[in-house]
Structures are given as structure tokens and as C-alpha cells.
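One chain comes next, on its own, written as C-alpha cells: the form predicted on its own.
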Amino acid sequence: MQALPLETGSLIFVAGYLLSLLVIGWFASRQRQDKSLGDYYLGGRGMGLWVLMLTLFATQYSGNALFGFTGQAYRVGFTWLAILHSMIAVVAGYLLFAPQLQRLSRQHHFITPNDYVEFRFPSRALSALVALCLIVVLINYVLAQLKVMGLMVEGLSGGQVDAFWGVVVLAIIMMIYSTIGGMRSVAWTDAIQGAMMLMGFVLIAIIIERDMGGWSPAFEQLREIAPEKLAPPDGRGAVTWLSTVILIGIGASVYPQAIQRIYAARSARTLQQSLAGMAVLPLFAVVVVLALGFVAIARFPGLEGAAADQVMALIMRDVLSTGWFGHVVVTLLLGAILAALMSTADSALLALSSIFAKDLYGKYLRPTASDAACARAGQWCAWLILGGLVWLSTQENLTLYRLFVLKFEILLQVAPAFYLGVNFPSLRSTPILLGLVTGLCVAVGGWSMDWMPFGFHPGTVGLLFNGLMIIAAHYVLPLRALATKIAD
């Protein structure tokens, strides 16, 4: 990233963009209608079509995904096209439960994902475990964004600013506008950066075709130097492909911040129209990102492990060398990625703040607290957690892809509470709780040991055991109760 120092004009553009985020936060704070948690964390439940679609897009395609997806395409080649199917599967997953969940959220005034879990499955143990899982996922998500923020700052400054201090400054800006503006400022910045990112994809695709030899020669060169990365997957690879689609397709649909955007939709119709748009965007966005990774295999051979996450930066360095148009493209793309990182991190922090404010502070620590007091407690919690993660982001050596996978291993085990809860009214809390505990033990334990039985991710295997436990408990426990009643 130190090979990407920008000129003064580009740095002024990026600084102006960061300043505009504070302005958006101030403007969003002026739009607040009251001091309720619903207004602060859900923007008054009035999110329209375009803002909802772009903020969902930004939630699914974060800045670290651009680096992580490209790096993983570099590492494994053609088989990473599974991510395209996965992103389309996310939209299919939404359609199975999101419209019903949105209607329930308006009827019962849900704020956090756990509000639905408590409403549908009145179990204190299940509620606490789901809240813990979501907190771990959100902390993981923010950490991944911060890791890339540090690299971005070093690159933009030519190595003159240390990654730690760059992340500190960006984190402060991020927390200021999200704290004062809540969901409105987060969603509006999401919409802007989503549009910028789409424009950046178009421009970088054009410049690679025009000034860097084109896509076709790059793939021909790749066929010569690494033909195994263009080959279709073998049997185990096909299993991993399917497992990836399940892992991400189901897991990403229950992101806590995505659930809150479902709650925030103006209507079920607005939500369905936004999901229709989301079904199209992956066909372009993911293909461009993956193609960059494939091109980088031929242009920058020999990168291994975490070093492969740098290929997006290496591509942008070459684009810079093409002249003034290249500087414009890279400036826009870096601005979009930086905004994506910040708005994705602030979405996760806002969700984390709401869980602490509503599910922990307002329920257990101070049940009589007003909505305003709960919101302040959630804001302080977000600030404290962010401070710890800023330090941790400079210490952790996990690759972006490892962080990316962990959160899905966990989310996949939470998904049955939403998917099955909405569609099977007779399902009770005990089977869901037993399934969740079983699935988490398999998924997290397998992830820690890099366990991939037959090519399946531990989370996918965990979901299988999760589902089997739910089925067994759903049918066995009522039979046992009936037998006891007959015996009595």
C-alpha cells in the first residue's frame, strides 16, 4: 500500500469526502423526530427504496470484501466464483423470511434482531446466547474493517502515517457522525459510498481493458503460468463450492445490521423492490472484483497467504501509472473503499450499540431507563469497544479471509431462529436452543482447527447437526412429555 501515495489534489478530495461525512451526520441529527430507540436505531422506520437498496448493497459488499474477495480469487482461482452464487443466494434467503419479519417488526416494534428472537421464542437462555453470538460477529466484522483501514491510510500517505494513528482518526470521524445521526447518517453514507463503488468498478474495468493490455490477454497468460487456477473444481472443490454458497448465502442474510435494515424499511413492498435490485448488483460487482484477482495472478505471481490480500492495491498502483485518468479512477476507488470500510464498520457498531442498549442495559442493568438513557449507554459501549478493536487491529495476524469466514460460521447457527421461526409457527424455543448450542460447538471448534471434512466448512457441518438436533428435539420432546402425562 505504500506504493499508492496520492497527489495533493487527490488527498484534498479524500479529506473533503471525510468532512462531508460529518456534515451528513449533522444533517441527519436535525432530521430526528424524537428521542426514541426506534427513531435513532432505525431512522424512524421510513427508509425508502433507493437508500434501502444501496445500504443493503453496502452491507453485503464492504471494503474489506473488495480486498478479501480479490485476494481469495488470487489464491484459489476459478473456484472462488462460488462467491457470486453465494451473493445471489443471500437475496434468495432474504425472500424466505424478510417480508414476514418486516411486517412483524412494525406490529411489535422490534429494534434489535434479538427482539424478534425473544418475541418468537420466549427463552432467556436462547435470547442471551443469540445476543452473545451477534456481539461476537459484530466485533469480528468491525475488526476486519479496521485492519484494512490501516493499510489504506499507509497507502494514501505514502507510508508517512502509521496505520494505528490513521485508524484512530478515521474511527473518531466514523463514531462522531454515527453517534449524532444514528441510522439515518449511516444509511445515507452507505448510499453515497455504494454509488461511488459501483462507479469505481466501471472505471477500473475500463482502464484495465484500455491501458493495461485487456482482460483476454491476461487470462491467456494465466492459462500458461497457472492453468490449475482456471480448471473447474474437482470433487472436493465442488463440495467446498456448495458449502461456500450455503455458508455465505444463509449467513449473510442474518447479519444483525441487515436485520435492522429490514426493520427500517418503509413498507414490505419497498423491501421487496430493494431485494429485486440486490439480485442484479452481484452480477456486476462480484464479477469485476473476481476478475481483478484472476488478472493479478498473471501480473503479480508468487504472493502467498495474507500477502495475496494486497493484489487490489497492486492493481491500483499500475492504474496510477497510466496518467491523469488513472489518478482519477484510483482516487475515486480509494475514496469509495475508504467510505465502504467506514460505513460498514459504523453499521456494525450501530447494531452493536443497539444490542447493548436494548438487550443488555435496558433489560438487565437498568430496566427503568428511558430510551434516551439507553441510547447514550449504547453509544458509550460502542466507543469503548471501538477503542479496543483499534489496538487489536494492529496486533492480529489473521488473514482477511479467515476473519470473513469466522463470522459466517457463527451466523449460520443463528439462522434457523429466523428462517424456521417465521415459517413454522409450531416450533418452540427448546429445539432452537439445543440446535444452536450443538451447531456452535461444531462450527467454532472446527474453525479453530482448520477442519474441512470432505471439503465442507465447519459451519456448514454445524448447521447440519443444528438442524438434526432441532428436528429431534421438536418431535422427541413432545412425545416424551405425552408419555409422562399418560404414565401419570
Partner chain sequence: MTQHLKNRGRWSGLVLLTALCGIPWYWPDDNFGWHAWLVPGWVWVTLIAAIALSALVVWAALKGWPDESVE
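Numbering follows the first chain given and starts at 1. Here the structure is a predicted model, which means the values were calculated and not measured.
The discussion below concerns the form predicted in complex with its partner chain, not included here.
The chain is drawn here without its partner chain; in the predicted complex, the stretch among 263 to 271, 181 to 189, 297 to 305, 325 to 333 whose residues come within 4.5 Å of it by any heavy atom is 263 to 271. For the options S105, T79, S393, N140, the one in contact with its partner chain in the predicted complex, meaning a heavy atom within 4.5 Å, is T79. Among V169, V136, L242, A195, the residue placing a heavy atom within 4.5 Å of its partner chain in the predicted complex is L242. Of the heavy atoms in F219, some are within 4.5 Å of its partner chain in the predicted complex. The shortest heavy atom separation between P232 and its partner chain in the predicted complex is within 4.5 Å.
The closest heavy atom approach of A276 to its partner chain in the predicted complex falls within 4.5 Å. At a distance threshold of 4.5 angstroms between non-hydrogen atoms, V422 is in contact with its partner chain in the predicted complex.
Here the marked residues L84, A92 and P99 all reach its partner chain in the predicted complex, each with a heavy atom within 4.5 angstroms.
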